[in-house]
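Next up: just one chain, as structure tokens, the form predicted on its own.
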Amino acid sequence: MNEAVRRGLLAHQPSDLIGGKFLALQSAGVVGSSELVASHDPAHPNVQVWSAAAQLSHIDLAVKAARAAGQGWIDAGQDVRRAALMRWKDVVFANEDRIARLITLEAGKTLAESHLEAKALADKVSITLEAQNANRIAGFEFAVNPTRQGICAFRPHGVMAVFGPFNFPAHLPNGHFVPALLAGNTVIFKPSERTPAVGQLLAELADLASFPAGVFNVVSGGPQVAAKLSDHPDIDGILFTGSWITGRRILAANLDRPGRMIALEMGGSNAAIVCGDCHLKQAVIECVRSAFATAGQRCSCTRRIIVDASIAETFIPLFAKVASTLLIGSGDSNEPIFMGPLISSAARESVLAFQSRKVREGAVSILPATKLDCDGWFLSPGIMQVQRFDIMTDEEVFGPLVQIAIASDDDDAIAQANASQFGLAAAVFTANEERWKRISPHIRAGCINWNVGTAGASSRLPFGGLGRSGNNRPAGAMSLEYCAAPIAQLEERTDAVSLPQGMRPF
């Protein structure tokens, strides 16, 4: 029995939710029609959390169900949709502990962090329904002339495919499908193949919330299922959170579909600029927190630190000292754990390989990332100092490893911060507000913080990046805007009509 079911965190054996019904998945598949998906507890890899053969045929069934439910969901009106989302809010609020425990079991996050993620599901509903956000698709009208009105109305796109990541397996997909449902779209959610149990739990909670059949569907799977869904001819939009590599594949698969809405929130090589006049304690704590939160597995984690030469000899040793004291362990430990394991053995090996390569290329290892002597996929924080940051050699490493370079002045710091093809988040640490105002407009990123680390966001603000971090479809408070299309209407209220020049009356 899968551990998620054995512990009572899932009510069903591995299943997909399609058209309001749970379709069981087999433990072994038929060649050509399925792919095996399995997740394990990253802290105890011998514990299998969820395992099943994902069915490619379920994609067509889910799209058909979502398409069939679409018109009724639109016609029901926004009041009915708001009521459904309020039921969803009540259900996820009541099941916060269950959600949190499954996130920790399958993704390895600390239980404290998992509770924050679980709580964010209900908060997202409240924020989305607030007038200042819901009114983003309220439309407007004006008088073109005494009898004719100009109207901007918003329509849902239709069937939206939502692709979820493993690092926030509940919160981030919820941030896509809540606004999508409010706008009148129907949804097919494909969880990350690394966290399929959390995806199924969202399906079970949606069933408790009594969404109309076909409005919300969940189909588990790996790359084959993802490819078939993103290339399906009968979906109208893709809402994706994940890596640049996968996001690029989605764009490539949809080059001939310019009308399909594609919103991408991808990775980051996020920079923190530490100025010579910073509050030193604040800068150190925030940089350590942002570099190593969630074992460095957030798209907004600090990957690069640019420290002013005037304080480098003070900041760097102190930063390394604090990082070396972080408590690492199983997420459900009774100890005040700061970070848990990485999601997989392959993820850990990727970080270590990056570290080794950078050292061979000349980087100085200040605090080497090392494997912990235990069964889980644990890795200690790593810090390297490089000569400087360069756009030609920059890349994202998704784990607890940060690079530091020294800047000669503010202009040099800005140049190094922008030496990346990513552009998700950045931070500036200075006690001088004028300096912050001088530096921040020149940083190319979608989220820029002052004296707050890069790994800090508010759902009441937009969240998204530039370049390889996103395609100008910010989530967060702006998510409703990519869930509906503006439609222009001209309406004549009378039978008045003017005879154009050159037309004879009849």
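Computed from a predicted model, the values in this text were never measured in an experiment. Numbers for residues come from their place in the sequence shown, where the first is 1.
If you look for the form predicted together with a small molecule, you will not find it shown, but the lines that follow are about it.
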Options 197 to 205, 222 to 230, 427 to 435, 350 to 358; stretch whose heavy atom lies within 4.5 Å of the small molecule in the predicted bound form = 222 to 230
With the partner omitted here, the residue among Q416, T104, N167, T302 that in the predicted bound form has a heavy atom within 4.5 Å of the small molecule is N167
Residue (of R155, H279, R257, R249) lying close to the small molecule in the predicted bound form, criterion heavy atoms within 4.5 Å = R249
Heavy atoms within 4.5 Å of the small molecule in the predicted bound form: does F319 have any?
-> no
Answer for E265 alone: is it within 4.5 Å of the small molecule in the predicted bound form, judged on heavy atom distances?
-> yes
Flag P179 as yes or no: does it have a non-hydrogen atom within 4.5 angstroms of any non-hydrogen atom of the small molecule in the predicted bound form?
-> no
Would you check, heavy atoms only and a 4.5 Å threshold, whether E113 touches the small molecule in the predicted bound form?
-> no
